[in-house]
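There is one chain below, alone, in structure tokens, taken in the form predicted on its own.
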């Protein structure tokens, strides 16, 4: 059979701790999971690292793997007679080392079936289910208010022969209100089924939120443009402003400037039991592009009677 360096597959050195093995697997799973990865050959790489993790996470399988020795990846090798006598009982008479037709993963799958000395004890041990990962695309409204979603996943699972196959996995879960783009949610117990009484795995959701035509998100705060006519900014006015929670009435004081912000407290994103963000209305002065003769005359009259100079700070006499 051909040797596979399971430690190198996970980017680890021999002697890595159980926590390091688990952390390496989770890091690579996020990178190569076929449902979320854009990497080339992601599914094949995911299968390779899943095979490596399946062996190294189990103390008995890892001990058996370490006892095989170390070879160059892809090198043909044969387990020693001592290894065969100790670990391979139940491989249909292969105790004398006749493993030419075996794949390395099949060799260790045999240990999981309880047919070897180590496997006989492991068969009674509980095993946790696999963790799954999926991308969830939400509208802005779903993210703001929360939503109940149905996910139809196609996941990779180990089969009885120690190989991997794709199986459907349907999940119904609640997305809490106030989630943001790029956030990662953990849904406990919605991953693969545990065996022999082991806990079910978890489901990790990578959240993508569509942009809204009016609102811009910054953390838990929202920003919206507030267009005003010049006379509204000068004289003051009252406007109805839309917010995700419903329209509000906003008083604009006289002399409002372009770029000025008005804060609407608590009108941003909110989490259950947490403090809500705010909404900020950013003032933009809109100038009419078409005026009739009467309006033009009034603007000229205003220009002639006003002593306001918006460029006073650019006067060379002032800047010397």
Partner chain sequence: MIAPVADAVCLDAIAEVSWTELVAAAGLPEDELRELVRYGALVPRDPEAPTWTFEARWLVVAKAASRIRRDFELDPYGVSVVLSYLERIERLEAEIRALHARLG
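Residue numbers count along the first chain shown, from 1. Note that the coordinates shown come from a computational prediction; the quantities given were computed from them, not determined experimentally. Superpose the two forms; the largest set of C-alphas matching within 1.5 Å is the rigid core.
Beyond what is shown, the protein has a form predicted together with the partner chain; the following relates to that form.
Proximity to the partner chain in the predicted complex (heavy atom, within 4.5 Å), stretch among 245-253, 232-240, 177-185, 69-77: Partner-contacting stretch among the options: 177-185.
Select from the listed residues 217, 138, 155, 134 the one whose heavy atoms reach within 4.5 Å of the partner chain in the predicted complex. Looking at 217, 138, 155, 134 one by one, just 217 meets the 4.5 Å heavy-atom criterion.
Is every one of 26, 36 and 57 in contact with the partner chain in the predicted complex, taking contact as a heavy atom within 4.5 Å? Yes.
Considering non-hydrogen atoms and a 4.5 Å limit, does the partner chain approach residue 22 in the predicted complex? Because a heavy atom of residue 22 falls inside 4.5 Å of the partner chain in the predicted complex, the answer is yes.
Heavy atom to heavy atom, is residue 46 within 4.5 Å of the partner chain in the predicted complex? Taking the distances in the predicted complex, the answer for residue 46 is yes, it comes within 4.5 Å of the partner chain.
Indicate whether the partner chain has at least one heavy atom within 4.5 Å of a heavy atom of residue 195 in the predicted complex. No, residue 195 stays farther than 4.5 Å from the partner chain in the predicted complex.
If we define contact as a non-hydrogen atom of the residue within 4.5 angstroms of the partner, is residue 263 a contact of the partner chain in the predicted complex? Looking in the predicted complex, residue contacts with the partner chain do not include residue 263, since no heavy atom lies within 4.5 Å.
Taking heavy atoms and a 4.5 Å limit, what residues of 188-206 are near the partner chain in the predicted complex? Residues within 4.5 Å: 188, 190, 204, 205.
C-alpha of residue 230 moved at least 2 Å between this form and the one not shown on rigid core: After core superposition, the displacement of the residue 230 C-alpha between this form and the one not shown stays below 2 Å, so no.
After fitting the rigid core, is the C-alpha of residue 29 off by 2 Å or more between this form and the one not shown? After core superposition, the C-alpha of residue 29 moves 2 Å or more between this form and the one not shown.
Does residue 249 move appreciably between this form and the one not shown, meaning a CA displacement of 2 Å or more on the superposed rigid core? No, residue 249 moves less than 2 Å.
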